[in-house]
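Single chain ahead, written as structure tokens, the form predicted on its own.
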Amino acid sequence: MQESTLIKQHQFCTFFLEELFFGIEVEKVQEIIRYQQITRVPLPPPEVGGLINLRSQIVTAIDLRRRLDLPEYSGESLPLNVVVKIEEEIISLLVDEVGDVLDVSDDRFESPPDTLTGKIRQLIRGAYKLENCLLLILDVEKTVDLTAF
């Protein structure tokens, strides 16, 4: 009897920044909400957009464009909030657009592409080659740790 090897599947919540397609493990995403009013705070790190009130809970909003050294957003629509929970801390990641939840298999996983440089390369765990695009997997723990880099 021949044993078949099972290829592990992963689910990712996807979103867009600029022309890049990102994914976060679905179990780390608490919710996705439309733009919330952001309260600016004095002297924050450049990546911190401010604070949002999420059902009476104060949540730090990280501007992912700044965190990944991408150009400022020039579009007309407001960013969306991908709310993540990391070690009991809730943080909002500001993104341009939200995609779908995708199931991908381990056999498509690769190391980060050589074309990525700087902060973005340090914050990407790897990539999945999909039919029409490349899904970059964001290392959420490193991304929300503003003491890194």
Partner chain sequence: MEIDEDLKAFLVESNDNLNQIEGDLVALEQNPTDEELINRIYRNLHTLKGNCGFLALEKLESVAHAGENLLTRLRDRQLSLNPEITSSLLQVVDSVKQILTSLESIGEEGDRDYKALVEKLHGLEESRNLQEETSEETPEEEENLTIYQSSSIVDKTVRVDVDVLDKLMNLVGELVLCRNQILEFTNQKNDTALADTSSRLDLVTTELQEGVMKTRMQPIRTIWNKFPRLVRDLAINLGKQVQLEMEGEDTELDKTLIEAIGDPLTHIVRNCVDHGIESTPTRLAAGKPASGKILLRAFHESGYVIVEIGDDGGGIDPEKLKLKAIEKGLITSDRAARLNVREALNLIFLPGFSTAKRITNLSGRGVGMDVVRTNLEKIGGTIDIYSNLGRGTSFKLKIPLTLAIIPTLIVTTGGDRYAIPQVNLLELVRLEGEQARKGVEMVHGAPVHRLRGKLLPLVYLNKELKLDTSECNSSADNHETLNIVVLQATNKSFGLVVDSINDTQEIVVKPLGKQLKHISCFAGATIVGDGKVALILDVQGLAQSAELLSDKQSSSIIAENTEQEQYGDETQMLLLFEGADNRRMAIPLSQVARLEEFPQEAVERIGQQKVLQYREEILPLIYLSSILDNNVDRDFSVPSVDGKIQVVVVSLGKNLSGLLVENIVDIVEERISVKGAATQEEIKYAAVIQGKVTELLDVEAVIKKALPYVFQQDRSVALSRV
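Just so you know, these numbers come straight off a predicted model, no measurement behind them. Residue numbers count along the first chain shown, from 1.
Missing here is the form predicted in complex with its partner chain; even so, the following discussion is about that form.
- Checking Glu89, Asp107, Glu31, Asp103 against its partner chain in the predicted bound form, a heavy atom within 4.5 Å turns up for just one residue: Glu89.
- At a distance threshold of 4.5 angstroms between non-hydrogen atoms, Pro44 is in contact with its partner chain in the predicted bound form.
- Its partner chain is not drawn, but in the predicted bound form it has a heavy atom within 4.5 Å of Val48.
- In the predicted bound form, its partner chain stays beyond 4.5 Å of every heavy atom belonging to Thr117.
- Among heavy atoms of Thr60, some come within 4.5 Å of its partner chain in the predicted bound form.
- Stretch-level contact analysis of 107-115, 31-39, 94-102, 120-128 against its partner chain in the predicted bound form, using heavy atoms and a 4.5 Å limit, identifies 31-39.
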